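To begin, one chain is listed below as structure tokens, in the form predicted on its own.
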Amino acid sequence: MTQSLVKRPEVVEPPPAPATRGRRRGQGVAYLFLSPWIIGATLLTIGPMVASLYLSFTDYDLFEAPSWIGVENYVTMFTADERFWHATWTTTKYVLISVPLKLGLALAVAMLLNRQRSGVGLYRSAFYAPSLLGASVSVALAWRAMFSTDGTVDRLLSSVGLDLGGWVDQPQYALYTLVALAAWQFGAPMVIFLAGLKQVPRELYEAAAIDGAGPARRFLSVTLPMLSPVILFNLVLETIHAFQAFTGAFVVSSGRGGPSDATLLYPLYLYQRGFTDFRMGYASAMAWVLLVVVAVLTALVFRSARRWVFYAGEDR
């Protein structure tokens, strides 16, 4: 018995419809509005980053053409530059002290301002103002005068029997003037914490109070877990800002990082290498090391967030 073979017709898929003229015109308008950002990002961010990466492998003094030396800048940095390691350690201490202190003050003030009372808007603006002024040279100059010998802080401490002298003139206290300046600028994280506190449901506090939880227990079991995403955001942001601290250290120490390199933060030493010693290639290598370190620390913080950051509706 034979079977006849019937050839099935091939199914030809229609070609994709061409983009309409209106859609292309809409894309053109979108790229037109994006062009200022694209040009700015290319010329002011991506271009300089690529150039600095190249310069980090060269010997460049701003006056002659850069000469390729490979990884010599990095080898010198890690093996023969004692001030590099000193600046790294000083910056590490600055970050470890200033960031928790700043976030703690911001959270404490935010909790005070979260209560319903008259004039809270005025207080909020007053506490936020230092964040707008803290990075200015004028405030750093005033800070230096306050903590110098016979300055305001010296007189106040002397009046209560603490004759410590000027903080900016003593290596054991100089770094803490920069820490105090950073902590004074707690306004930005305070506003973010305050916004987070407004989102915590009141029912959680009421349920905890019914269960017999006191203020401390409610803070640990309700406020902190509900604020953990905001804490993560502020922690990452303030850590990056702390590693970039420059103006205060430059003005307070007159650009030298003194006394005895006590205020020699990493960005200040980078500036000295690039614009005082005219070793721009070396300074570029330092900048890339800083970028890598901050990126690694940020990644570690985000990785650790799985254990202590809680989101609404999430089961743990």
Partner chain sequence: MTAASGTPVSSTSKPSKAEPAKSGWPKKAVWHVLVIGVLLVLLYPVVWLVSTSFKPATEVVSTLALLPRDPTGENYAEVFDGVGEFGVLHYFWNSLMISVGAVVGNVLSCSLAAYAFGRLHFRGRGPMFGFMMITIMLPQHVVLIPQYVIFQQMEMVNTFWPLVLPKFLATDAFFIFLMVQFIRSLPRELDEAATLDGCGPIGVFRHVILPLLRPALITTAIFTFIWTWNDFFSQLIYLNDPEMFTLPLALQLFIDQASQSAFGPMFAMSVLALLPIGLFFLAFQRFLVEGVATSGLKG
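Between two forms, the rigid core is defined as the largest C-alpha subset superposing within 1.5 Å. Numbering follows the first chain given and starts at 1. Quick caveat, the model's predicted, so the values are computed rather than measured.
In what follows, reference is made to the form predicted together with the partner chain, a form of this protein that is not presented.
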Checklist entry - Which of Q172, T79, S138, S158 has a heavy atom within 4.5 Å of the partner chain in the predicted complex? => result S138
Item to check | Heavy atom within 4.5 Å of the partner chain in the predicted complex - the one residue of W184, Y205, Y74, F219 that qualifies | outcome: W184
Next on the checklist: in the predicted complex, is there a heavy atom of the partner chain that lies within 4.5 Å of any heavy atom of Q27, even though the partner is absent here?
Outcome noted: yes
Next on the checklist: I'd like to know if G257 sits close to the partner chain in the predicted complex, meaning any non-hydrogen atom pair within 4.5 angstroms.
Outcome noted: no
Next on the checklist: If we define contact as a non-hydrogen atom of the residue within 4.5 angstroms of the partner, is F57 a contact of the partner chain in the predicted complex?
Outcome noted: no
Checklist entry - So in the predicted complex, does L96 come within 4.5 Å of the partner chain, heavy atom to heavy atom? => result no
Item to check | Those residues of 180 to 203 which, in the predicted complex, come within 4.5 Å of the partner chain by heavy atom | outcome: W184, F186, A188, V191, I192, A195, R202
Checklist entry - Once the two forms are fit on the core, has S260 moved its CA by at least 2 Å between the shown form and the other one? => result no
